[in-house]
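Starting off, we have a lone chain in the form predicted on its own, written out as structure tokens.
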């Protein structure tokens, strides 16, 4: 199968990961997969206000996902939408298993994700950026979370769907994965495929996550290892 950008079926789009891109945040990251770009900023842990929303034995993780108005060819309407609220929720659910929230009772950790360019895979790019930003902020974590979508187009399993591939695929299956613990923290499925196909698509997505994880680690090493050596 020939893909619109010339990739092989199991190739990721060109990937760029950078840590520490926003000086005023406690932690931040930039992630681009092809023409999809996400920037994440982390603030906290900090006191939870109002106090009646405090959780006595853990931190509250707040995730805010936003597509900026100029991120697509047609201007995105500002403000939360049904879709953005759903992505905020699944992003939080994908990240929480990796974070030692019990280390910071009665506090909050805010994660802000802005999509500044969109060409499919915005939720997965956002999760990738948020994970690096949390680590950059020094939040104790069990491991990084990497995320990518895969699908099936015709008879071929296809990694990192982009552009019109989301319309052509029999399914769009994004996952979030913690390589250190070999644990899936998020899996969604839009489409209708057999159980056997689902297993193969998930397997391909996990392999993609491992590649993203390697880039995430390198970005953090480039940011922090030289500082340690000083």
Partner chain sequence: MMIIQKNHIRGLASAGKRMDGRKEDDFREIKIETGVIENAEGSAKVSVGKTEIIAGVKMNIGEPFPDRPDEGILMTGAEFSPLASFEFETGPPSEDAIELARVVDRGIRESHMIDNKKLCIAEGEKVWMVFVDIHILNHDGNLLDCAALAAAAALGHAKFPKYDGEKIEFGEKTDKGLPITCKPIAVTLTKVGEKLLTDATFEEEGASDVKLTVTTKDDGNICAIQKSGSGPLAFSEIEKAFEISVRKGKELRKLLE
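Note that the structure is a prediction, hence the values are computed from the model and not measured. Positions refer to the first chain, counted from 1.
A second form of this protein, the form predicted in complex with the partner chain, is not displayed here; the remarks below concern that form.
Asks: In the model of the complex, does each residue in the set 33, 100 and 223 place a non-hydrogen atom within 4.5 angstroms of the partner chain?
Replies: Result no, not one residue of the spot touches the partner chain.
Asks: Give a yes/no on whether residue 157 approaches the partner chain to within 4.5 Å in the model of the complex, heavy atoms considered.
Replies: Contact check for residue 157: no, nothing within 4.5 Å of the partner chain in the model of the complex.
Asks: So in the model of the complex, is the partner chain close enough to residue 161 to count as touching (4.5 Å, heavy atoms)?
Replies: The answer is no: residue 161 has no heavy atom within 4.5 Å of the partner chain.
Asks: Can residue 66 be called a contact residue for the partner chain in the model of the complex at 4.5 Å between heavy atoms?
Replies: Yes, residue 66 lies within 4.5 Å of the partner chain in the model of the complex.
Asks: Indicate whether the partner chain has at least one heavy atom within 4.5 Å of a heavy atom of residue 53 in the model of the complex.
Replies: No, no contact at 4.5 Å.
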